[in-house]
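First, one chain by itself: the form predicted alone, in structure tokens.
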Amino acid sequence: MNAVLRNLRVVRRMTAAEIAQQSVYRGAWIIFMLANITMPIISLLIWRTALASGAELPVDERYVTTYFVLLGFVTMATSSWMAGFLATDIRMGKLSSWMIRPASLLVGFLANNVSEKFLKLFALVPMIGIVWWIFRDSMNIPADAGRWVLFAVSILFGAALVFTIDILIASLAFWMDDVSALVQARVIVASVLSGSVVPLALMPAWSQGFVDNQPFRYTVSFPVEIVAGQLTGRELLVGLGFQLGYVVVFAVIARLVWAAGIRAYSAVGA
């Protein structure tokens, strides 16, 4: 328990330091968030046009509109860009300096992740607010506060899941010279299976059994579905159970692989 509290204090202090440092790049965050929201808006317009032209989809216009308006926020909130940087630190021996510090290198990456997302919110939320105002009459806005609480919890679980997957992939750098191909493969696969490109509800019927239960759904699509869809209470509980289960499974695997890598690690000064 003492170790957990110490790490939390370290994360808090490192996050504050990261925020102060990253605040210098305010203009860059605005550009990044414009890019982050542009594709969902384009997709929204395409699918709304298809529906207006008579296309028969398994979801209605309100679902599609709500989905893509929220997509930019959820994608940002659950994202992780750590794998490539962590793998480089392992390969270049930079991990050595962290091995004599009171906190893990992973704590530093967690602080960076939290601080950047905090700053990105100031740029992204106003943009989403404008899009919401434009399409407000065509959106599902739950009046039940419980839905929004579950939405927030699901985003936290989704962010933890993506972060642990990144740790797992980056940890392979203990044994591999280059994991960049794996990192890129994860990005490509996740963009499709998470629902970032196309809502999973629009996937072929024959694939729904796999699509609904694979882990990437719970990084983006499921949090959005809590607000955009009409999930029953049972479906919400089952979905959150799956999501938490995937977090635990990947966290355990990542922890074991990371520990094995630390034992095998060797570098100048290590």
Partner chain sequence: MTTYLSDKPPLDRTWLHKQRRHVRLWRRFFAQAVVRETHFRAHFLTTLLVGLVQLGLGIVPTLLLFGFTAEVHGWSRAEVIALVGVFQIVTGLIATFVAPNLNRMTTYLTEGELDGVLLRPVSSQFYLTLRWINVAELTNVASGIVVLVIGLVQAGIAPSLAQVLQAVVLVGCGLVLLTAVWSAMSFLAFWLQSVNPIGFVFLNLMEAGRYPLVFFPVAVRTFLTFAFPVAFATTFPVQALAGDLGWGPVFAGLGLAVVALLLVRLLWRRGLLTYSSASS
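Numbering follows the first chain given and starts at 1. As the structure is a prediction and not an experimental result, all values here were calculated from the model.
Below, we turn to the form predicted in complex with the partner chain, even though it does not appear here.
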The unique member of V211, L231, L240, L57 whose heavy atoms fall within 4.5 Å of the partner chain in the predicted bound form | L57
Answer option from S104, N140, N112, S191, heavy atom within 4.5 Å of the partner chain in the predicted bound form = S191
A28, F32 and S53 all contacting the partner chain in the predicted bound form, non-hydrogen atom within 4.5 Å = yes
4.5 Å heavy atom contact, Y63 and the partner chain in the predicted bound form | no
Using a 4.5 Å heavy atom cut-off, state whether F216 contacts the partner chain in the predicted bound form.
-> no
So, in the predicted bound form, is S97 in contact with the partner chain at a 4.5 angstroms heavy atom limit?
-> no
Could you confirm whether L244 comes within 4.5 Å of the partner chain in the predicted bound form, counting heavy atoms only?
-> no
Contact stretch among 196-204, 152-160, 126-134, 84-92 - heavy atom within 4.5 Å of the partner chain in the predicted bound form | 196-204
